[in-house]
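Here's a solo chain for you in structure tokens, the form predicted alone.
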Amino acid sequence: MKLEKTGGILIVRLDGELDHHYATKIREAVDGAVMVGDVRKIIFDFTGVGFMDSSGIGTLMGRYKLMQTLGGSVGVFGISPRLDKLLSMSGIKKIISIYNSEKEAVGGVS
């Protein structure tokens, strides 16, 4: 995982499997970055993620709720067809914007 902050946007670049152990690290790192800085937008880059379980869904939901509380938003880009299906079935796509590219996500998350 790599965090990049530009202005009020935090880009979270993920890699590997988004399971229980990785989800905990992501949650702690992202929440810490949000609380320290003036983050109003979180964008998750799923380009390097090959697998995600329910812990990943929980991580996204938690960050969504956090950003809603702070008046911000969450977006995702780089999802595979498999992850797209998982996000659809979980209902995440109804509340978190899915983008085709990083450029679109940075410009589209409000």
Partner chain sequence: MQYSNEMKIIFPNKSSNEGFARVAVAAFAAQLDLTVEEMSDIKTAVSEAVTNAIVHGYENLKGYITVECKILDNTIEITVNDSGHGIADVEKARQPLYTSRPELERSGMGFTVMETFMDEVSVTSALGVGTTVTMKKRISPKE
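Numbering follows the first chain given and starts at 1. Every value quoted in this text rests on a predicted model; they were computed, and no experiment measured them.
If you look for the form predicted together with the partner chain, you will not find it shown, but the lines that follow are about it.
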> With the partner absent here, would 2, 45 and 93 each sit within 4.5 Å of the partner chain in the predicted bound form, counting heavy atoms only?
Replying inline: no
> Which residue among 74, 30, 79, 52 has a heavy atom within 4.5 angstroms of the partner chain in the predicted bound form?
Replying inline: 52
> Closest heavy atom of residue 86 to the partner chain in the predicted bound form, within 4.5 Å or not?
Replying inline: yes
>> Is residue 63 part of the interface with the partner chain in the predicted bound form - any heavy atom within 4.5 Å?
In response: yes
> With the partner left out of view, is residue 15 within 4.5 angstroms of the partner chain in the predicted bound form by any non-hydrogen atom?
Replying inline: no
> Is residue 34 a contact residue for the partner chain in the predicted bound form, using a 4.5 Å heavy atom cut-off?
Replying inline: no
> Who in 1 to 37 is close to the partner chain in the predicted bound form, meaning a heavy atom within 4.5 Å?
Replying inline: 17, 19, 20, 21, 27
